[in-house]
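This document opens with one chain alone, in C-alpha coordinates, the form predicted alone.
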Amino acid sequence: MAKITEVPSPFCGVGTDDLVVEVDGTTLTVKENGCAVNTPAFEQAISDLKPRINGEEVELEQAVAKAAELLANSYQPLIGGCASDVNGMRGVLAVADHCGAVVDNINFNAARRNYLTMQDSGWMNTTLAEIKNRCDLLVLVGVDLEAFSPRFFEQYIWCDDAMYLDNAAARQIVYLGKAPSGAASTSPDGAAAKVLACDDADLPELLAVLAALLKKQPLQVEAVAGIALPELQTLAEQLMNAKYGVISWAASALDFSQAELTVQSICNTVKEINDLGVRCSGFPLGGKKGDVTANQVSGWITGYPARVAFNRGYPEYDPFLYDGMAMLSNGEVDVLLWVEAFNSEAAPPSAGIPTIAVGRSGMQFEKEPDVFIPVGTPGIDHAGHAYRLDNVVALRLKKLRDSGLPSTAEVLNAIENLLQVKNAD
(Lines give C-alpha, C1' and ligand atoms only; values in the text may rest on other atoms or scores of the structure.)
Protein backbone atom coordinates (compact mmCIF):
# COMPACT_ATOMS: atom_id res chain seq x y z
CA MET A 1 0.00 0.00 0.00
CA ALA A 2 1.29 3.45 -0.92
CA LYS A 3 0.00 6.99 -0.66
CA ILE A 4 0.74 9.31 -3.59
CA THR A 5 0.43 13.07 -3.19
CA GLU A 6 0.09 15.93 -5.68
CA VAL A 7 -1.81 13.74 -8.13
CA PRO A 8 -3.09 15.63 -11.20
CA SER A 9 -6.49 14.76 -12.62
CA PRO A 10 -7.32 14.40 -16.33
CA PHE A 11 -11.04 14.18 -15.56
CA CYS A 12 -12.20 17.59 -14.32
CA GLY A 13 -10.60 19.80 -16.96
CA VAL A 14 -9.54 22.59 -14.59
CA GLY A 15 -6.08 21.37 -13.69
CA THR A 16 -6.73 19.87 -10.25
CA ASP A 17 -3.30 18.62 -9.19
CA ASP A 18 -3.45 18.20 -5.42
CA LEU A 19 -5.24 14.88 -4.98
CA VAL A 20 -3.92 12.38 -2.44
CA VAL A 21 -4.50 8.83 -3.64
CA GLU A 22 -3.92 5.60 -1.74
CA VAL A 23 -2.83 2.67 -3.91
CA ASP A 24 -3.39 -0.90 -2.74
CA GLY A 25 -2.50 -3.24 -5.60
CA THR A 26 -4.79 -2.07 -8.38
CA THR A 27 -7.31 -0.48 -6.00
CA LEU A 28 -7.25 3.30 -5.75
CA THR A 29 -8.83 5.39 -3.01
CA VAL A 30 -8.91 9.19 -3.12
CA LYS A 31 -8.05 10.22 0.44
CA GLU A 32 -7.89 14.02 0.08
CA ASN A 33 -9.20 16.74 -2.24
CA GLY A 34 -11.52 14.52 -4.25
CA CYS A 35 -14.82 15.69 -5.70
CA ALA A 36 -17.94 14.35 -7.38
CA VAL A 37 -16.11 14.30 -10.73
CA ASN A 38 -12.64 13.06 -9.79
CA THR A 39 -13.23 10.56 -7.00
CA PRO A 40 -15.41 8.03 -8.88
CA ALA A 41 -13.20 8.32 -11.97
CA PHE A 42 -10.06 7.43 -10.00
CA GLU A 43 -11.69 4.76 -7.85
CA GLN A 44 -13.32 2.79 -10.68
CA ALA A 45 -12.26 -0.85 -10.44
CA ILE A 46 -10.55 -2.77 -13.23
CA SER A 47 -12.76 -5.51 -14.67
CA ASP A 48 -11.24 -6.28 -18.09
CA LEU A 49 -7.61 -7.24 -18.59
CA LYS A 50 -7.75 -9.28 -21.79
CA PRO A 51 -8.80 -8.18 -25.29
CA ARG A 52 -11.76 -9.89 -26.92
CA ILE A 53 -12.71 -10.80 -30.47
CA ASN A 54 -16.44 -11.46 -30.85
CA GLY A 55 -16.64 -11.83 -27.07
CA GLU A 56 -13.86 -14.40 -26.78
CA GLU A 57 -10.68 -13.52 -24.90
CA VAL A 58 -7.55 -13.40 -27.05
CA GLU A 59 -3.98 -12.14 -26.84
CA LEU A 60 -3.28 -8.48 -27.56
CA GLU A 61 -1.42 -9.30 -30.78
CA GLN A 62 -4.44 -11.14 -32.16
CA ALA A 63 -6.81 -8.28 -31.33
CA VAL A 64 -4.47 -5.73 -32.90
CA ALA A 65 -4.17 -7.85 -36.05
CA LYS A 66 -7.95 -8.20 -36.33
CA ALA A 67 -8.45 -4.46 -35.87
CA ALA A 68 -5.87 -3.68 -38.55
CA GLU A 69 -7.51 -6.16 -40.91
CA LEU A 70 -10.93 -4.55 -40.49
CA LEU A 71 -9.53 -1.07 -41.07
CA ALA A 72 -7.41 -2.12 -44.06
CA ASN A 73 -10.44 -3.64 -45.79
CA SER A 74 -12.69 -0.66 -45.08
CA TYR A 75 -13.82 1.80 -47.75
CA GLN A 76 -14.73 4.51 -45.22
CA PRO A 77 -13.73 4.00 -41.58
CA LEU A 78 -14.71 6.36 -38.79
CA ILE A 79 -12.67 6.95 -35.63
CA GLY A 80 -14.96 8.27 -32.90
CA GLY A 81 -14.84 8.95 -29.17
CA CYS A 82 -11.19 10.06 -29.27
CA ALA A 83 -10.73 10.56 -25.53
CA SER A 84 -7.12 9.93 -24.58
CA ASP A 85 -3.91 11.73 -23.71
CA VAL A 86 -1.55 13.51 -26.12
CA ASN A 87 0.21 10.36 -27.33
CA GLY A 88 -3.08 8.51 -27.65
CA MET A 89 -4.46 11.24 -29.91
CA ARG A 90 -1.28 11.18 -31.96
CA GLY A 91 -1.95 7.49 -32.46
CA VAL A 92 -5.55 8.20 -33.56
CA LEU A 93 -4.40 10.57 -36.28
CA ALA A 94 -1.62 8.25 -37.45
CA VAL A 95 -4.10 5.38 -37.87
CA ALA A 96 -6.55 7.70 -39.66
CA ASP A 97 -3.83 8.81 -42.05
CA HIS A 98 -3.03 5.21 -43.03
CA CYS A 99 -6.61 4.05 -43.56
CA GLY A 100 -8.31 7.23 -44.81
CA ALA A 101 -10.58 7.53 -41.78
CA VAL A 102 -12.79 10.38 -40.63
CA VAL A 103 -11.87 11.48 -37.07
CA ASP A 104 -14.66 12.95 -34.94
CA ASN A 105 -14.60 13.79 -31.25
CA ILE A 106 -17.64 12.60 -29.29
CA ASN A 107 -18.38 16.11 -27.96
CA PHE A 108 -17.57 18.09 -31.08
CA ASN A 109 -21.15 19.24 -31.73
CA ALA A 110 -20.94 21.25 -28.51
CA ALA A 111 -17.39 22.44 -29.16
CA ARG A 112 -18.45 23.46 -32.67
CA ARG A 113 -20.46 26.33 -31.15
CA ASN A 114 -17.19 27.77 -29.88
CA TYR A 115 -15.14 27.03 -32.97
CA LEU A 116 -17.65 28.63 -35.32
CA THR A 117 -17.51 31.81 -33.25
CA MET A 118 -13.73 31.83 -33.02
CA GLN A 119 -13.35 31.22 -36.77
CA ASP A 120 -15.99 33.75 -37.77
CA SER A 121 -15.33 36.74 -35.53
CA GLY A 122 -12.59 35.84 -33.05
CA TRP A 123 -12.69 36.15 -29.29
CA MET A 124 -10.81 37.58 -26.31
CA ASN A 125 -10.42 34.85 -23.69
CA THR A 126 -8.48 34.45 -20.48
CA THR A 127 -6.86 31.63 -18.52
CA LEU A 128 -7.38 29.95 -15.17
CA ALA A 129 -4.31 31.72 -13.77
CA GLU A 130 -5.63 35.14 -14.79
CA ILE A 131 -9.02 34.36 -13.23
CA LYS A 132 -7.34 33.32 -9.99
CA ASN A 133 -5.06 36.35 -9.83
CA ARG A 134 -7.14 39.18 -11.33
CA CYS A 135 -10.86 38.48 -11.75
CA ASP A 136 -13.07 40.62 -9.49
CA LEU A 137 -16.39 39.94 -11.32
CA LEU A 138 -17.39 36.55 -12.73
CA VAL A 139 -20.56 36.33 -14.82
CA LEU A 140 -21.74 32.80 -15.62
CA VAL A 141 -24.05 32.51 -18.61
CA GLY A 142 -26.31 29.47 -18.80
CA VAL A 143 -24.09 27.15 -16.76
CA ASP A 144 -24.04 25.79 -13.22
CA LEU A 145 -20.30 26.05 -12.61
CA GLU A 146 -20.41 24.12 -9.37
CA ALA A 147 -21.94 21.10 -11.10
CA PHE A 148 -19.47 21.41 -13.96
CA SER A 149 -16.42 21.62 -11.69
CA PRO A 150 -17.11 21.12 -7.97
CA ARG A 151 -13.77 22.60 -6.84
CA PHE A 152 -13.57 25.59 -9.22
CA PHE A 153 -14.56 28.18 -6.64
CA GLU A 154 -12.27 26.69 -4.01
CA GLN A 155 -9.25 26.66 -6.33
CA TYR A 156 -9.67 29.78 -8.44
CA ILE A 157 -12.11 32.18 -6.75
CA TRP A 158 -12.05 31.97 -2.95
CA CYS A 159 -8.28 31.52 -2.75
CA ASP A 160 -5.83 33.24 -0.42
CA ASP A 161 -3.00 33.75 -2.91
CA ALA A 162 -4.49 35.96 -5.64
CA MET A 163 -1.64 38.18 -6.85
CA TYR A 164 -3.56 41.34 -7.73
CA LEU A 165 -6.51 41.32 -5.31
CA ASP A 166 -6.34 42.51 -1.74
CA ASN A 167 -9.42 40.53 -0.72
CA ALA A 168 -10.51 37.58 -2.86
CA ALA A 169 -13.64 37.20 -0.74
CA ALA A 170 -14.89 40.49 -2.21
CA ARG A 171 -15.20 39.05 -5.73
CA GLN A 172 -18.67 39.35 -7.24
CA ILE A 173 -20.40 36.32 -8.78
CA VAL A 174 -23.45 36.63 -11.04
CA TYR A 175 -25.42 33.75 -12.57
CA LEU A 176 -27.34 34.63 -15.72
CA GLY A 177 -29.71 31.82 -16.62
CA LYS A 178 -29.15 28.73 -14.47
CA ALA A 179 -28.99 29.01 -10.69
CA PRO A 180 -26.15 27.36 -8.74
CA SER A 181 -26.85 23.85 -7.44
CA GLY A 182 -24.98 24.38 -4.18
CA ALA A 183 -23.27 26.96 -2.02
CA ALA A 184 -19.74 26.87 -3.49
CA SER A 185 -20.28 30.28 -5.10
CA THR A 186 -21.06 31.86 -1.72
CA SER A 187 -18.04 33.88 -0.57
CA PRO A 188 -16.10 33.11 2.64
CA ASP A 189 -17.76 36.24 4.06
CA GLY A 190 -21.20 34.75 3.44
CA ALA A 191 -22.18 36.82 0.38
CA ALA A 192 -24.29 34.67 -1.94
CA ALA A 193 -23.99 34.88 -5.70
CA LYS A 194 -26.54 37.06 -7.48
CA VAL A 195 -28.88 34.98 -9.65
CA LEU A 196 -30.81 36.32 -12.64
CA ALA A 197 -32.65 33.13 -13.53
CA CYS A 198 -34.24 32.43 -16.89
CA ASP A 199 -34.74 29.61 -19.39
CA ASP A 200 -31.90 28.77 -21.78
CA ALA A 201 -34.09 29.81 -24.70
CA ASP A 202 -34.27 33.36 -23.29
CA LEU A 203 -30.50 33.86 -23.10
CA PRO A 204 -30.11 35.30 -26.65
CA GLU A 205 -32.67 38.02 -25.88
CA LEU A 206 -31.12 38.79 -22.49
CA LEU A 207 -27.64 39.10 -23.98
CA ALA A 208 -28.95 41.42 -26.71
CA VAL A 209 -30.54 43.67 -24.09
CA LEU A 210 -27.37 43.60 -21.98
CA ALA A 211 -25.32 44.65 -25.02
CA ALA A 212 -27.72 47.54 -25.67
CA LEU A 213 -27.46 48.68 -22.05
CA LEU A 214 -23.66 48.62 -22.20
CA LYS A 215 -23.82 50.91 -25.24
CA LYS A 216 -26.45 53.09 -23.51
CA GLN A 217 -29.06 52.45 -26.18
CA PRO A 218 -32.68 53.35 -25.30
CA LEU A 219 -34.97 50.41 -24.52
CA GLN A 220 -38.76 50.40 -24.36
CA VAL A 221 -39.21 47.41 -22.06
CA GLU A 222 -39.67 46.94 -18.32
CA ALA A 223 -38.54 43.34 -18.11
CA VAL A 224 -36.94 40.63 -20.25
CA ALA A 225 -37.63 36.92 -19.64
CA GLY A 226 -39.01 37.80 -16.23
CA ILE A 227 -35.94 39.82 -15.22
CA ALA A 228 -36.60 43.50 -14.49
CA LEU A 229 -34.66 45.90 -16.67
CA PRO A 230 -33.04 47.63 -13.64
CA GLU A 231 -31.48 44.25 -12.70
CA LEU A 232 -29.84 44.02 -16.11
CA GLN A 233 -28.81 47.67 -15.87
CA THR A 234 -27.06 46.87 -12.59
CA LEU A 235 -25.22 43.98 -14.27
CA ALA A 236 -24.11 46.28 -17.09
CA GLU A 237 -22.80 48.74 -14.51
CA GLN A 238 -20.97 45.95 -12.67
CA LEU A 239 -19.23 44.96 -15.90
CA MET A 240 -18.26 48.56 -16.62
CA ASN A 241 -16.95 49.13 -13.08
CA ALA A 242 -14.99 45.88 -12.79
CA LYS A 243 -11.20 45.97 -12.94
CA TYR A 244 -11.10 42.54 -14.57
CA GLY A 245 -14.48 41.12 -15.48
CA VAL A 246 -14.87 37.62 -16.88
CA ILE A 247 -17.92 36.26 -18.73
CA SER A 248 -17.99 32.47 -18.79
CA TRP A 249 -20.17 29.90 -20.56
CA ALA A 250 -20.22 26.19 -21.40
CA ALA A 251 -21.05 25.42 -25.02
CA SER A 252 -22.41 22.02 -24.01
CA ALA A 253 -24.98 23.70 -21.74
CA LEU A 254 -26.29 25.93 -24.54
CA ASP A 255 -28.20 23.09 -26.14
CA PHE A 256 -30.65 24.90 -28.40
CA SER A 257 -30.90 25.78 -32.06
CA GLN A 258 -28.11 28.04 -33.39
CA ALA A 259 -26.52 28.34 -29.96
CA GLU A 260 -23.29 29.38 -31.67
CA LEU A 261 -24.93 32.77 -32.22
CA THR A 262 -25.34 33.10 -28.46
CA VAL A 263 -21.67 32.27 -27.98
CA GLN A 264 -20.85 34.90 -30.58
CA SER A 265 -23.04 37.42 -28.75
CA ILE A 266 -21.11 36.75 -25.51
CA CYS A 267 -17.77 37.17 -27.29
CA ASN A 268 -18.90 40.35 -29.03
CA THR A 269 -20.03 41.78 -25.69
CA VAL A 270 -16.58 41.09 -24.25
CA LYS A 271 -14.94 42.91 -27.17
CA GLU A 272 -17.36 45.85 -26.90
CA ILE A 273 -16.59 46.26 -23.19
CA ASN A 274 -12.89 46.42 -24.02
CA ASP A 275 -13.64 48.95 -26.77
CA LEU A 276 -15.20 51.11 -24.06
CA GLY A 277 -11.91 51.09 -22.16
CA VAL A 278 -12.77 48.46 -19.55
CA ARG A 279 -10.87 45.21 -19.20
CA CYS A 280 -13.01 42.12 -19.71
CA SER A 281 -12.37 38.57 -20.95
CA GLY A 282 -14.34 35.52 -21.97
CA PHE A 283 -13.82 32.05 -20.57
CA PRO A 284 -15.33 28.97 -22.27
CA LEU A 285 -15.86 25.94 -20.03
CA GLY A 286 -15.44 22.49 -21.54
CA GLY A 287 -12.90 19.89 -22.45
CA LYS A 288 -13.25 17.41 -19.64
CA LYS A 289 -11.86 13.90 -20.23
CA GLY A 290 -9.76 14.54 -23.29
CA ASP A 291 -11.77 16.92 -25.49
CA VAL A 292 -9.29 19.79 -25.39
CA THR A 293 -6.37 17.39 -25.77
CA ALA A 294 -7.94 15.86 -28.88
CA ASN A 295 -8.49 19.23 -30.53
CA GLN A 296 -5.07 20.55 -29.54
CA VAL A 297 -3.19 17.57 -30.98
CA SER A 298 -5.31 17.54 -34.11
CA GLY A 299 -4.54 21.24 -34.50
CA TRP A 300 -0.78 20.67 -34.35
CA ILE A 301 -0.82 17.79 -36.81
CA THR A 302 -3.52 18.75 -39.31
CA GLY A 303 -4.15 22.46 -38.73
CA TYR A 304 -7.77 21.69 -37.79
CA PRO A 305 -9.72 20.61 -34.70
CA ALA A 306 -10.76 16.99 -34.29
CA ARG A 307 -13.46 16.70 -36.91
CA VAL A 308 -11.21 16.01 -39.83
CA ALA A 309 -11.11 13.47 -42.68
CA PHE A 310 -8.15 11.75 -44.33
CA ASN A 311 -10.12 10.02 -47.09
CA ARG A 312 -8.70 12.29 -49.81
CA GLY A 313 -5.14 11.52 -48.82
CA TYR A 314 -4.74 14.75 -46.86
CA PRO A 315 -6.53 16.25 -43.82
CA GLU A 316 -9.79 18.03 -44.66
CA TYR A 317 -11.92 19.83 -42.07
CA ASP A 318 -15.67 20.27 -42.20
CA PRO A 319 -17.58 20.76 -38.92
CA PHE A 320 -20.87 19.61 -40.47
CA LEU A 321 -20.02 17.14 -43.25
CA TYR A 322 -17.83 14.97 -41.02
CA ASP A 323 -20.29 14.61 -38.15
CA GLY A 324 -19.57 11.02 -37.14
CA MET A 325 -23.02 10.25 -35.71
CA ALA A 326 -24.71 11.63 -38.81
CA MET A 327 -22.40 9.58 -41.02
CA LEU A 328 -23.28 6.44 -39.06
CA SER A 329 -27.03 7.08 -39.29
CA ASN A 330 -26.73 7.79 -43.03
CA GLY A 331 -24.86 4.57 -43.73
CA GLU A 332 -21.72 6.40 -44.91
CA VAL A 333 -19.34 4.39 -42.72
CA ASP A 334 -18.43 0.70 -42.95
CA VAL A 335 -16.06 0.31 -39.94
CA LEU A 336 -16.08 2.13 -36.59
CA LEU A 337 -12.99 2.47 -34.39
CA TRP A 338 -14.02 3.87 -30.99
CA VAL A 339 -11.29 5.30 -28.72
CA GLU A 340 -12.28 6.18 -25.13
CA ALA A 341 -9.63 5.82 -22.43
CA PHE A 342 -11.31 7.88 -19.68
CA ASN A 343 -15.02 7.09 -19.46
CA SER A 344 -16.15 3.46 -19.48
CA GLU A 345 -19.77 4.60 -19.77
CA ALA A 346 -19.09 6.30 -23.13
CA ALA A 347 -19.41 3.11 -25.16
CA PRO A 348 -19.58 3.07 -28.97
CA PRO A 349 -23.01 3.35 -30.56
CA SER A 350 -24.54 0.16 -31.89
CA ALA A 351 -24.20 0.95 -35.58
CA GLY A 352 -24.67 -2.42 -37.28
CA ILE A 353 -21.17 -2.33 -38.79
CA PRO A 354 -17.86 -3.90 -37.74
CA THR A 355 -16.77 -2.11 -34.57
CA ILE A 356 -13.43 -1.89 -32.79
CA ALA A 357 -13.46 -0.49 -29.25
CA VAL A 358 -10.20 0.68 -27.68
CA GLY A 359 -11.58 1.65 -24.31
CA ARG A 360 -11.25 1.86 -20.56
CA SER A 361 -11.54 -1.38 -18.66
CA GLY A 362 -15.13 -2.00 -17.56
CA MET A 363 -16.78 -0.56 -20.66
CA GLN A 364 -20.32 -1.91 -21.03
CA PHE A 365 -21.69 -2.44 -24.53
CA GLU A 366 -25.18 -2.50 -25.94
CA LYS A 367 -23.74 -4.96 -28.43
CA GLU A 368 -20.37 -6.67 -28.06
CA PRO A 369 -17.95 -5.13 -30.58
CA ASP A 370 -16.04 -7.24 -33.07
CA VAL A 371 -12.85 -6.27 -31.27
CA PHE A 372 -12.51 -4.87 -27.74
CA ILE A 373 -9.07 -3.89 -26.46
CA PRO A 374 -9.11 -2.62 -22.85
CA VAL A 375 -6.49 0.05 -22.27
CA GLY A 376 -5.02 1.84 -19.31
CA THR A 377 -6.32 5.21 -18.22
CA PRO A 378 -3.87 8.12 -18.58
CA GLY A 379 -2.95 9.46 -15.16
CA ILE A 380 -3.76 6.15 -13.48
CA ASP A 381 -2.25 3.22 -15.39
CA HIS A 382 0.44 5.12 -17.27
CA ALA A 383 2.02 8.55 -17.40
CA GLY A 384 1.06 11.05 -20.07
CA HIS A 385 -0.03 14.61 -20.83
CA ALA A 386 -3.52 16.10 -20.99
CA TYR A 387 -4.57 19.70 -21.61
CA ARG A 388 -6.56 21.87 -19.23
CA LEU A 389 -9.74 23.47 -20.53
CA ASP A 390 -8.00 26.85 -21.03
CA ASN A 391 -5.64 25.30 -23.64
CA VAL A 392 -2.45 26.75 -22.15
CA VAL A 393 -1.18 24.05 -19.78
CA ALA A 394 -0.53 20.38 -20.46
CA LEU A 395 -0.73 18.48 -17.18
CA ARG A 396 1.97 15.87 -16.59
CA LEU A 397 -0.08 12.85 -15.58
CA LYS A 398 1.38 10.27 -13.19
CA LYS A 399 1.34 6.50 -13.27
CA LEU A 400 -0.27 5.33 -10.03
CA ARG A 401 -0.41 1.54 -10.37
CA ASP A 402 0.75 -1.44 -12.42
CA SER A 403 -2.37 -2.84 -14.05
CA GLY A 404 -0.73 -4.58 -17.00
CA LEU A 405 -2.99 -2.71 -19.41
CA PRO A 406 -1.42 -1.14 -22.52
CA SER A 407 -1.79 2.54 -23.25
CA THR A 408 -4.00 3.79 -26.06
CA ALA A 409 -0.89 4.96 -27.91
CA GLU A 410 0.72 1.51 -27.69
CA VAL A 411 -2.37 -0.16 -29.15
CA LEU A 412 -2.90 2.37 -31.92
CA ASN A 413 0.79 2.46 -32.83
CA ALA A 414 0.72 -1.33 -33.20
CA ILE A 415 -2.35 -1.07 -35.46
CA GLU A 416 -0.64 1.67 -37.48
CA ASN A 417 2.45 -0.48 -37.99
CA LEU A 418 0.34 -3.32 -39.42
CA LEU A 419 -1.53 -0.88 -41.66
CA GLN A 420 1.79 0.38 -43.00
CA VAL A 421 2.79 -3.17 -43.88
CA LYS A 422 -0.56 -3.89 -45.53
CA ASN A 423 -0.39 -0.62 -47.51
CA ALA A 424 3.15 -1.46 -48.64
CA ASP A 425 1.95 -4.83 -49.91
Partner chain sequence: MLIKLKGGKVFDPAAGVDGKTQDIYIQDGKIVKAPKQDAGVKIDKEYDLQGKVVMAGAIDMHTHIGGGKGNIARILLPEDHRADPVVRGQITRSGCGHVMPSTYVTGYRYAEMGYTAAFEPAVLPVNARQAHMEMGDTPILDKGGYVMLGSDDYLLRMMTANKDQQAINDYVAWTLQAAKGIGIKVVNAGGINAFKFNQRQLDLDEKNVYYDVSPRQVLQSLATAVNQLGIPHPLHVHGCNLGVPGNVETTLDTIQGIGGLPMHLTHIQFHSYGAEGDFKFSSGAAQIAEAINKNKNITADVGQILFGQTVTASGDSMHQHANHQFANPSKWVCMDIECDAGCGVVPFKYRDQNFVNALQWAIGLEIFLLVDDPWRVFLTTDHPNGAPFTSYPHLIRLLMDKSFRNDMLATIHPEAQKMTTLASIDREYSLQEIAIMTRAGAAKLVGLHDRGGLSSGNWADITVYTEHEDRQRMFEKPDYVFKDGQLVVKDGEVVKVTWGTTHIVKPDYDASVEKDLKKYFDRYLTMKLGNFKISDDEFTEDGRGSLTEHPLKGGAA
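Positions refer to the first chain, counted from 1. Note that the structure is a prediction, hence the values are computed from the model and not measured.
Below, we turn to the form predicted in complex with the partner chain, even though it does not appear here.
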| query | finding |
| --- | --- |
| Heavy atom of each of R279, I301 and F310 within 4.5 Å of the partner chain in the predicted complex | yes |
| Contact test in the predicted complex: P150 vs the partner chain, heavy atoms, 4.5 Å | no |
| Partner contact for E22 in the predicted complex: the partner chain, 4.5 angstroms, heavy atom | no |
| 4.5 Å heavy atom contact, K66 and the partner chain in the predicted complex | no |
| Contact test in the predicted complex: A394 vs the partner chain, heavy atoms, 4.5 Å | yes |
| In the predicted complex, the one of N274, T234, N73, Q76 near the partner chain [non-hydrogen atom within 4.5 angstroms] | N274 |
| Listed residue (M124, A211, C198, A169) with a non-hydrogen atom within 4.5 angstroms of the partner chain in the predicted complex | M124 |
| One stretch from 160-168, 323-331, 348-356, 142-150 that, in the predicted complex, holds residues within 4.5 Å of the partner chain by heavy atom | 160-168 |
| Partner contacts in the predicted complex for 95-120 (non-hydrogen atom within 4.5 angstroms of the partner chain) | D97, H98, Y115, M118, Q119, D120 |
